[in-house]
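In the block that follows, a single chain appears as structure tokens, in the form predicted on its own.
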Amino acid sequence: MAKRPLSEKLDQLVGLLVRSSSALMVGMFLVVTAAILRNGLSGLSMEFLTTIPQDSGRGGGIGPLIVSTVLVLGICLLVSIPLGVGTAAWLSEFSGSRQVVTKSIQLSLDLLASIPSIVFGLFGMVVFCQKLNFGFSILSGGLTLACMVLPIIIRTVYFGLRAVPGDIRQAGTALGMSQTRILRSLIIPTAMPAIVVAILLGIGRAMAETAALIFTSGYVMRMPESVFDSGRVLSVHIYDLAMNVPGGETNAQRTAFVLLTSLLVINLCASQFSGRWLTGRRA
């Protein structure tokens, strides 16, 4: 009986710490968002979103940079999503008794996820820009980002697939379904929220990346004509204006507002898609 009050106090302490941590995270988000809104919302217009930069970025807009960002992100996701989901599915459902191989791959993924982005930038510059002769281009930047986000996507999707109850697999087997069909028709739909989270994490990492793209996609601010052209993305533009261009802080803050808003919109759309998907599956 004497231990019960102590356990209740520990529960209350843990609950207080959890609530305090949550409040701290929300507070940090609100502070950062308020600062960006206060400094970046002024002067924001359709002209700023569509025109080309002028005077090293101090004037003009960010139209070409938005196009370059979308192209780099599109290449990144086009490569990383099929490879990431496929690798996670193999590790979760088809690796079987290959425990040594599976553990080696998982260890490699953990190591890749911890590598600094500047190292990925140097890797992309050597492999994609020089060896494959893509040069400083949107294609090189997108492929480099794909290498960076693959470990995140694979690990997140893998844990999502492993969290699917075993009863679903057994039900599919009892109905005579092949392992591939069980994966396609039962497991992946059930794990769709985890796949959406993995894609969101990949998008967040890719859109916020700066160091790797400086070495691969380049600094050019003109409108790209193809994926083989050099193109400056929003995060690189923010860095350059804030660090290298005197008087560029105002446009850097406006660009940061556009980048943050884009991430929020993508997250909201993905959440809505995931919620409707689950509602439709239950119905």
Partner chain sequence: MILWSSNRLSPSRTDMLLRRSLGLLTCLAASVVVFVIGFVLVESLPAFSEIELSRIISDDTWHPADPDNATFGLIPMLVGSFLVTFCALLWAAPLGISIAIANEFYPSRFMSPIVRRTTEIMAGIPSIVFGFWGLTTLVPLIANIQAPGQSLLAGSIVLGMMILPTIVLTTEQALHSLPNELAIAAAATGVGRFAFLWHVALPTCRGGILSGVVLGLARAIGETMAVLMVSGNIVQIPGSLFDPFRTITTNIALEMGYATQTHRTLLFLTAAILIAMVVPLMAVMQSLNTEQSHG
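Numbering follows the first chain given and starts at 1. Rigid core (definition): largest C-alpha set, two forms, superposition within 1.5 Å. These numbers come from a predicted model, not from an experiment.
This next part talks about the form predicted in complex with its partner chain, which is not shown.
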Query raised in the report: Thinking of 35, 122 and 150 as the candidate spot, does its partner chain come within 4.5 Å of a heavy atom on all of them in the model of the complex?
Result: yes
Query raised in the report: Do residue 239 and its partner chain come within 4.5 Å of each other in the model of the complex, heavy atoms counted?
Result: yes
Requested in this report: Determine whether any heavy atom of residue 154 comes within 4.5 Å of a heavy atom of its partner chain in the model of the complex, and answer yes or no.
Outcome: yes
Requested in this report: Considering only heavy atoms, tell me if residue 86 and its partner chain come within 4.5 Å of each other in the model of the complex.
Outcome: yes
Requested in this report: Using a 4.5 Å heavy atom cut-off, state whether residue 190 contacts its partner chain in the model of the complex.
Outcome: no
**Report entry** Interface stretch in the model of the complex with its partner chain - options 65-73, 224-232, 242-250, 47-55, non-hydrogen atom within 4.5 Å
**Finding:** 242-250
Requested in this report: Within 4.5 Å of its partner chain in the model of the complex, which residues of 110-133 have a heavy atom? Give them in sequence order, or say none.
Outcome: 110, 111, 112, 114, 115, 116, 118, 119, 120, 122, 123, 125, 126, 127, 130, 131
**Report entry** Rigid core fit then residue 36 CA moved by 2 Å or more between the shown form and the other one
**Finding:** yes
Report task. Looking in the model of the complex, decide if the C-alpha atoms of residue 116 and residue 267 are closer or farther than in the form shown; they differ by 3 Å or more. Result -> closer
